[in-house]
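Take a look at this single chain in structure tokens; it is the form predicted alone.
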Amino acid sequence: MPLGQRPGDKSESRYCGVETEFHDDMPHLLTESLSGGFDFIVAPLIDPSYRPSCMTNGGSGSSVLPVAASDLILSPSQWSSHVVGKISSWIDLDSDDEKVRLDSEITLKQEIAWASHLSLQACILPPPRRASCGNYAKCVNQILQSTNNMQLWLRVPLQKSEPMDDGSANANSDFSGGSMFDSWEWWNSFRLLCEHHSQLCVVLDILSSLPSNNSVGRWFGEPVRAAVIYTNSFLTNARGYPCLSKRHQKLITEFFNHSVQIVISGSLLHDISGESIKALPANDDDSHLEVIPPRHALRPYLDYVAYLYQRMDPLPEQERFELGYRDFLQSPLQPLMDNLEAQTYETFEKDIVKYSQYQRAVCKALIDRVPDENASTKITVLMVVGAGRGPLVRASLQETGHISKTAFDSVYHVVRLVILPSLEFSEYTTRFGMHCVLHSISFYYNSNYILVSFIVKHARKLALLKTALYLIIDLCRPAKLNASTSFCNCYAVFCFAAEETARKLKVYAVEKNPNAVITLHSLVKLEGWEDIVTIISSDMRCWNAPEKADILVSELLGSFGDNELSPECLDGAQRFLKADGISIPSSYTSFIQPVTATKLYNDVKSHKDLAHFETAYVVKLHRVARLAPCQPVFTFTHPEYSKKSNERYKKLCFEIPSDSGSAVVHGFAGYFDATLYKDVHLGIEPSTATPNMFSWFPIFFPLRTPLFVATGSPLEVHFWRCSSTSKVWYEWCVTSPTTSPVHNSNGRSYWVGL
């Protein structure tokens, strides 16, 4: 059964397995493990003593494989859902002994053929016995070419900088010798020989000691499907129960977050007496009250892993929303060349955090632009360019003290549905114009405030009213209103005032999408903004404004900052911005960092053409290893009166931390950070990312050939932003430690249309 219930988590990491020895009674073995709380078993499929060369058939035809069980013993769904095959650990396909090598090749093919017949989802391959494993990889690659759905998981110890015997034929693969080794390099060599096959994955053996955090971090960009934890890796707390070190706990939690399943292996090493086993604490001072009867010898370790899972925080709402987008490649939007659909607008309009930052920026700009003494007389001209369906128009007007009818309705309905029942008032409603009367409650509404007056003749109800009024502050927060209250013996006044600057405003909403313009007209009519907002159906680069703007507001940023042509659009629009006018945003910078992203690379490779390797993708990065800190690439500021070209070039040099070890670079993750106005910023660059904002996912620039970077080698990268009369595009390449071709030369595969 699953390790526990974690709201929002539907990943495979909820399921825990157990590694078993060869058993000829598979139904009993499976029943014992499932009833003991495990979800699947990792079991040998063939007697480990089997050697093809030792089999004799007595002239009666082919010998029968000594399998653990007939395919009829379990149902197909049981084989598929609850059994992971384990290939015999004795095989050595790179042995100097020809007999051993041939036996190993035959056995590997026979066991995988049997596993495929059983419809298993995966089989675990034993780890390579030496760094040079060409024949092993060649045989596995042959098998992968003919395997339909089954995955092969290569078992690799999570180790780094341990001695390794590179040429030994030792059957136990003892790490003795003079050289140092990194198990990640085993894996990398093996998967390169197998051409990055998408069905070749990894199982990590977690030992009692762990490499550095940077070294471990490389694996999160690899296709790790399971992690095997041995019982001898568990510590013992003061009560005699198994527990893990802090570093192991953190690692297991990261595995849960990356959909990696846990497998427990070994024998019971903790003497836990008594009739029952309590769910296990993480540390000596932790306790758990749930009592579970013992059913399986390794149940104490399962309980501890379940405890680590159950104590994780629920998935935040934002992450739940993003689950379906994880590591899913999307082509960037082209809002200048294409008209967005209503569904796309609606998704972005739900980003409350983004528009809250824009509101703050507009508020600060208005206060700086108009002194308090001129607030009642000076009219500020604000132009929203690329207005879409109006979210920036709404945000700007809310900062100037214009309370919309929607905000009034929000307050009205909360009072009617929440406060009236709590005060046991009967409902009697009269509404006329901007004034409304509920029984004992009076509303008044204008563009600056909403006044709610309550006549309360009983002290008990007045006390209830005070509680209810404070509650309504939170309930009406989406309306972006401040609240103030005053109470007397027989009445209460509750005033909702806009977060206002008390500045007068004239708004132009400029939008090229004729479909969005229809929605804009409906919004203005609904909110009663006809005297404030003028809608312009035009491309901002072509429109001739009747007057110049004090403030120019836009939301044209892409995942890489300038990749949706914000510079070109705002250069065309700034001609109707006053010389001392303010642009929101005022600047933005793109960033990149090298990443290991095996899944993304395989997804691009599956298209089998050059164009997809020369295309930048928007993607919610999940199974990636970030190999070095981000570095800035291109910066744009607005307004830009120097008529500087928007073409750019940047050379960057990344240093991968020495304790990481070697790494492979599949491409570059791109981000942006924008200054809206003064100290108000928003962005997705990891070190300064705006929390809880979902309008932008990172951008991914792939490399045609994965790049191996040895320990201590610098990574030199070149990026260009190029343009012509009809399009803008990026080009990129690597010149160190090896040289790659220049990707997307002349925008032949990917561009953004002007």
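Residues carry their position along the shown sequence, with the first being 1. Predicted, not measured: the structure shown is a model, and the values here were computed from it.
Another form exists, predicted in complex with another copy of the chain; not displayed. Remarks below refer to it.
Of A545, I73, L193, L340, which one comes within 4.5 Å of another copy of the chain in the model of the complex, counting heavy atoms only?
When another copy of the chain is considered in the model of the complex, the option within 4.5 Å is L193.
Let me know the one among N135, S356, S81, S245 whose heavy atoms come within 4.5 Å of another copy of the chain in the model of the complex, would you?
Checking each option against another copy of the chain in the model of the complex, the one that comes within 4.5 Å is N135.
For the spot marked by N257, Q318 and F328, is every residue within 4.5 Å of another copy of the chain in the model of the complex through some heavy atom?
No, the candidate spot makes no contact with another copy of the chain.
Although the partner isn't part of this model, could you tell me whether S146 comes within 4.5 Å of another copy of the chain in the model of the complex, counting any heavy atom of the residue?
Although another copy of the chain is absent here, S146 would touch it in the model of the complex, with heavy atoms inside 4.5 Å.
Give a yes or no for E32: in the model of the complex, does one of its heavy atoms lie within 4.5 Å of a heavy atom belonging to another copy of the chain?
Looking in the model of the complex, residue contacts with another copy of the chain do not include E32, since no heavy atom lies within 4.5 Å.
Please tell me whether any heavy atom belonging to N214 falls inside 4.5 Å of a heavy atom of another copy of the chain, as the geometry stands in the model of the complex.
No, N214 is distant from the partner.
Quick one: does Y641 come within 4.5 Å of another copy of the chain in the model of the complex, counting heavy atoms only?
It does not: once another copy of the chain is placed as it appears in the model of the complex, Y641 has no heavy atom within 4.5 Å of it.
Could you tell me which stretch in 516-524, 548-556, 648-656, 361-369 has residues with non-hydrogen atoms within 4.5 Å of another copy of the chain in the model of the complex?
Flagged stretch: 648-656.
Taking another copy of the chain as it sits in the model of the complex, which residues of 733-754 have a non-hydrogen atom within 4.5 Å of it? Please list them.
Residues within 4.5 Å: C733, V734, T735, T739, S740, P741, V742, S745, N746, R748.
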